Ligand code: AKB
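This document opens with one chain alone, in structure tokens, the form predicted on its own.
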Amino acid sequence: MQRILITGALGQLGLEFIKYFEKSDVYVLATDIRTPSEKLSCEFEKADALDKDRLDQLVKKYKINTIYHLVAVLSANGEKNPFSSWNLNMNSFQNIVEISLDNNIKKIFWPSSIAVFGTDSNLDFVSQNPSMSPETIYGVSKLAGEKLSSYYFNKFGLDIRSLRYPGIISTDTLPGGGTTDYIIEMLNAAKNKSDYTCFLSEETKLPMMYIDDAIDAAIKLMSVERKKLTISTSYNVTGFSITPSELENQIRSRGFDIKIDYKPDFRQKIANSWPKKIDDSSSIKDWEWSCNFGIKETLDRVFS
């Protein structure tokens, strides 16, 4: 039986993974540094991902054999304190690696991000293996994690699987301090019939993905035989690309009379170093990835 540990389980991805696994024949232990506000459908233990001994005890106690390590300080929040962001993002990653090796855990899911790219990555359409010079501590830590994933696989046979997620859309959880959070905030403003001030300029095109596709992509990647995978760093995935003004028009076309002001802040510089579109052909080829949610399907779900 698959026995899964989810770290950072109360975040956007973690809560959705818990919902998904609730329908599956697997055991799930969720951990986070805070306690859940509502009862979860799985076992929960409060734990700091920087506390290696605590995590190791839980892995042994619950006989964990697979880990979904979701702990991270995201792009915008990361710039506020880059040193603590690096510490959390990288040292928690290292803890999971060492615990996995010590406990013979062979498979880990660890999300990367489009933040690994930079202005020299041909941002109009970013390939799987471009030149990468990230401009945020979040991107730097994710790129470092990608390189370490490949190293640990070659050195120890540790199977760390990863996706370079674009902006993830889910209105069930609050934004987590990322540069693509505007899309969730704008959609929530429309639903709540309130005005919104967007922190990016009208024509900033960024790739996005609906939460169901984000979960589906991870599950598909984790279920495929390792020998079919040609990439040991992180796979590009994407749903659709959109600008704030295009999103505003889409919202208005559905009858929402929303007032949007555009006042770009420090996050605009971050967005300018991120892709407009992503080439995910390697994911399509290696493990038959396909998205189900374009902008229409996403808004149908959000406003249903």
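A quick note: this is a predicted structure, and the numbers were derived from the prediction, not measured. Numbers for residues come from their place in the sequence shown, where the first is 1.
Omitted from view is the form predicted together with the ligand, to which the following refers.
S.K.: Do heavy atoms from each of Leu74, Pro166 and Thr179 fall within 4.5 Å of the ligand in the predicted complex?
M.R.: Yes, the whole candidate spot contacts the ligand.
S.K.: Can Tyr138 be called a contact residue for the ligand in the predicted complex at 4.5 Å between heavy atoms?
M.R.: The answer is yes: Tyr138 has a heavy atom within 4.5 Å of the ligand.
S.K.: So in the predicted complex, does any heavy atom of Ile114 sit within 4.5 Å of the ligand?
M.R.: It does: once the ligand is placed as it appears in the predicted complex, Ile114 has a heavy atom within 4.5 Å of it.
S.K.: Just one stretch in 179 to 187, 211 to 219, 84 to 92, 151 to 159 has heavy atoms within 4.5 Å of the ligand in the predicted complex, so which one is it?
M.R.: It is 179 to 187 that comes within 4.5 Å of the partner.
S.K.: From first to last in sequence, which residues of 262 to 280 have any non-hydrogen atom within 4.5 angstroms of the ligand in the predicted complex?
M.R.: Going through 262 to 280 in order - heavy atoms within 4.5 Å of the ligand in the predicted complex - there is one hit, Trp274.
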